[in-house]
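The chain below stands alone and is given as structure tokens, in the form predicted on its own.
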Amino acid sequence: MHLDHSHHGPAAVGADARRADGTRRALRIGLGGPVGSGKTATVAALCRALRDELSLAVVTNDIYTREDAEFLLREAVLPPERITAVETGACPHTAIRDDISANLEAVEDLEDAVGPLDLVLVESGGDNLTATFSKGLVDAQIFVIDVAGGDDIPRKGGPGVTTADLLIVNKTDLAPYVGSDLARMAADAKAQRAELPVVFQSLRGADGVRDVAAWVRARLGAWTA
């Protein structure tokens, strides 16, 4: 275990789009966002939605623990050998943007161990609105915020909100209880992101992760075309 942007069209290609043997590597999608926004729950829901049609694996990041990986293991969203953890030991930015070597090693080891893979989800540790992934690590980025954090978050912006390939506004079922105005959040997100997509999501609802899973399928289709 390791210490351990285009609006449409193909995902951005990282520095190593093909493996050493010349085969195309898995599409890598990063998920970032503040602590408690629902990143791990979204990863779990995506695994359940996609595991019967895709070969996928997950890399989680925590500062000092393997808490997120252990949650996914307890939930049995994938076989244990398809989930690995990176313990960053520092600010999450370090491992997803500045020194990505531990995450790259984790991704490559998963492909070697259980590949070939279609998709690898790389979950950042909880961070603030400035969290972004290196394009050398992931091909597309999802940023997750939640309504309980305040309906002014989209208006505040920050690179995570404004530049992520997909913005998820999570826990919409809580809006009436925390005084968040979903229409206001949608308008502010539109103003910050122009044509970049936004999904409003409640994992407790019947639709759950449907729209995000559809977005992932579209990115994978472009990646393999």
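The shown structure was predicted, so the numbers you read here are calculated from the model rather than taken from an experiment. The first residue of the shown sequence is 1; numbering continues from there.
This protein has a second form, the form predicted together with a small molecule, left out of what is shown; the following refers to that one.
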So in the model of the complex, does any heavy atom of residue 18 sit within 4.5 Å of the small molecule?
-> no
Touches the small molecule in the model of the complex: residue 60 (any heavy atom, 4.5 Å) = no
Close approach of residue 36 to the small molecule in the model of the complex, 4.5 Å, heavy atom | yes
Answer yes if any heavy atom of residue 181 is within 4.5 Å of a heavy atom of the small molecule in the model of the complex; otherwise answer no.
-> no
In terms of non-hydrogen atoms within 4.5 angstroms, which of the given stretches 171-179, 157-165, 45-53, 186-194 touches the small molecule in the model of the complex?
-> 171-179
Among 199, 41, 26, 69, just one has a heavy atom within 4.5 Å of the small molecule in the model of the complex, namely 41
